[in-house]
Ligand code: SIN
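To begin, one chain is listed below as structure tokens, in the form predicted on its own.
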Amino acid sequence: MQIVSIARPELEQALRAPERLREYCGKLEAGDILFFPETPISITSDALGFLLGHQQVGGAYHKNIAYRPLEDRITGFDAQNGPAAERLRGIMRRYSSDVVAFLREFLGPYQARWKVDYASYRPEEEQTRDLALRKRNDLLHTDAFPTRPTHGDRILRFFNNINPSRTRNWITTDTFDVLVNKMNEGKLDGGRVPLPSSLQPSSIKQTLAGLGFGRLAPSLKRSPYDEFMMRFHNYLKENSSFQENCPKQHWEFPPGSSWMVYTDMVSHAVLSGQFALEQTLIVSKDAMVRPEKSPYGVLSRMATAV
């Protein structure tokens, strides 16, 4: 795993070279972080001033301010403050649209075979947040969604550090394929998460989810793939020996920069930083240029070998 830095001149050249874009997609899929020292996303000074002046609603339910593009609404913000909430919604709508437009061009080999998921604004200092263990951002983990199953499609995230003066600090360790193999071979403390015997949902689970029972029990909507990924996410966060002893790489993302990463592949944690924007895409596993590197591809081979 490495950082692949893409300066503005290199970006402009790559956008005119389809094969170069395909190489970048392959690097992403293998677990590299694509880093843009100068963000390709334009955010006005007025929008920045507004974002830096507001905090999220208190309480344990919302970790961030979220914008749901398909519903054009925000959560985690004081809905009673009508003008401010509408302004925030407009800023997040524009941010989401601009990121998706950029990625539609930069990730041209995917041909936009994705679902546009949530955008979020993260206004709190990460270093001092008091969250339940499984929700903590400062523990190394690979991403999985408890209530939005992907069925093997990829979780791609694009980040912007909009803090005017401070870096956003991450650590990473081995990628998913390395970690799951270590676990399966007994080289990680904490036991094992059982591998899925099949990556297809059972007919009973599909039927129940189709009848709406998944709204009451989110796990009913999960495929065996999603069930494994959720348990693996929790396994890593709850494994104190892994958190303390695994090899770590430290990364600092400066103000005004952007980076993108498949967070289902890269085990990552956010140690410190305040004021960041993020857009998530759920990219079809069938769009991958290196499908064998995806968690779905890795688990398919391992499940077949069981």
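Quantities reported herein were computed from a predicted structural model and do not represent experimental measurements. Don't overthink the numbering: it's just position in the shown sequence, from 1.
Form predicted in complex with the named molecule: not shown, discussed below.
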Point to revise | the named molecule contact in the model of the complex: residue 153, any heavy atom under 4.5 Å | key: no
**Request:** Decide whether residue 122 counts as a contact residue for the named molecule in the model of the complex under a heavy atom distance cut-off of 4.5 Å.
**Result:** yes
At the 4.5 Å heavy atom threshold, is residue 222 in contact with the named molecule in the model of the complex? no
Does the 4.5 Å heavy atom contact test between residue 143 and the named molecule in the model of the complex come out positive? yes
In this chain shown alone, the residue from 51, 270, 33, 265 with a heavy atom within 4.5 Å of the named molecule in the model of the complex is 270
Answer key: of 167, 75, 137, 181, within 4.5 Å of the named molecule in the model of the complex (heavy atoms) is 137
In contact with the named molecule in the model of the complex (heavy atoms, 4.5 Å), from 190 to 198, 94 to 102, 111 to 119, 156 to 164, is stretch 156 to 164
